[in-house]
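Before any questions on binding or motion, here is one chain by itself as structure tokens, the form predicted on its own.
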């Protein structure tokens, strides 16, 4: 089986099938990331598709300075931040769709809470944001996070700890 870097090189040389192979290999994890993030299959599909459209354009200039998995994960994080900004405004602008008085929908409350959490996560420093996102959304062990980010396992734990402390402080207020 070819490595991601070999497939990227082939894609840069004009072989479209190499890109298709990368998509087949990484789409399940990307889709899974967005499913956990949005809890909406349609949104997750759209976001995953958008990431791979961006990858199609960006890989032509890929410099092989990092692993493709790291590059793809950063694209996922960036897309999730864009999604948070976009849906925050969309939710604010659709206030006319409020439910009937007396009807209590806890799913909506849970969704707002999840959006509020991810909005707060998007405001964390970059390294903390990436560690938290990988840990929560991808359920990655610290060892894998440290490999992807090229930091020590202890540094990944410390960044996660600081991020959680910051988030707790934000939600206390």
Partner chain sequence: MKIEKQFQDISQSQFSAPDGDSFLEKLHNERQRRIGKKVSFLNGLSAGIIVAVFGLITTSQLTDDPTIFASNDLTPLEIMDNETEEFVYELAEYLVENSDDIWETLTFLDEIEFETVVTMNNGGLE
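Positions refer to the first chain, counted from 1. None of the values given here were measured: they were computed from a predicted structure. What we label the rigid core is the largest C-alpha set whose atoms superpose within 1.5 Å from one form to the other.
Just so it is clear, the following notes concern the form predicted in complex with the partner chain, a form of the same protein that is not shown.
Asker: Quick one: of 43, 67, 119, 50, which gets a non-hydrogen atom within 4.5 angstroms of the partner chain in the predicted complex?
Answerer: Looking at 43, 67, 119, 50 one by one, just 50 meets the 4.5 Å heavy-atom criterion.
Asker: Quick check: do 5, 8 and 141 each get a heavy atom within 4.5 Å of the partner chain in the predicted complex?
Answerer: Judged in the predicted complex, none of 5, 8 and 141 sits within 4.5 Å of the partner chain.
Asker: Answer with yes or no whether residue 24 is in contact with the partner chain in the predicted complex, where contact means some heavy atom within 4.5 Å.
Answerer: Judged by the heavy-atom cut-off of 4.5 Å, residue 24 is in contact with the partner chain in the predicted complex.
Asker: Would you classify residue 20 as touching the partner chain in the predicted complex, given a 4.5 Å non-hydrogen atom cut-off?
Answerer: Yes - in the predicted complex, heavy atoms of residue 20 and the partner chain come within 4.5 Å of each other.
Asker: I'd like to check something about residue 125: if you look in the predicted complex, is any of its heavy atoms closer than or equal to 4.5 Å to a heavy atom of the partner chain?
Answerer: Output for residue 125 is no: heavy atoms all beyond 4.5 Å of the partner chain.
Asker: Looking in the predicted complex, any heavy atom of residue 61 within 4.5 Å of the partner chain?
Answerer: Contact with the partner chain, no.
Asker: If you apply a 4.5 angstroms heavy atom cut-off, which residues in 14-36 are near the partner chain in the predicted complex?
Answerer: Going through 14-36 in order - heavy atoms within 4.5 Å of the partner chain in the predicted complex - the hits are 16, 19, 20, 23, 24, 27, 28, 31, 32, 35, 36.
Asker: Does residue 18 show a Cα shift reaching 2 Å between the shown form and the other one after rigid-core superposition?
Answerer: It does not reach a 2 Å shift.
Asker: Does residue 162 move its CA by 2 angstroms or more between the shown form and the other one when the core is aligned?
Answerer: It does shift by 2 Å or more.
Asker: Is residue 68 one of the residues whose Cα moves 2 Å or more between the shown form and the other one, with the core superposed?
Answerer: Shift at residue 68: below 2 Å after core fit.
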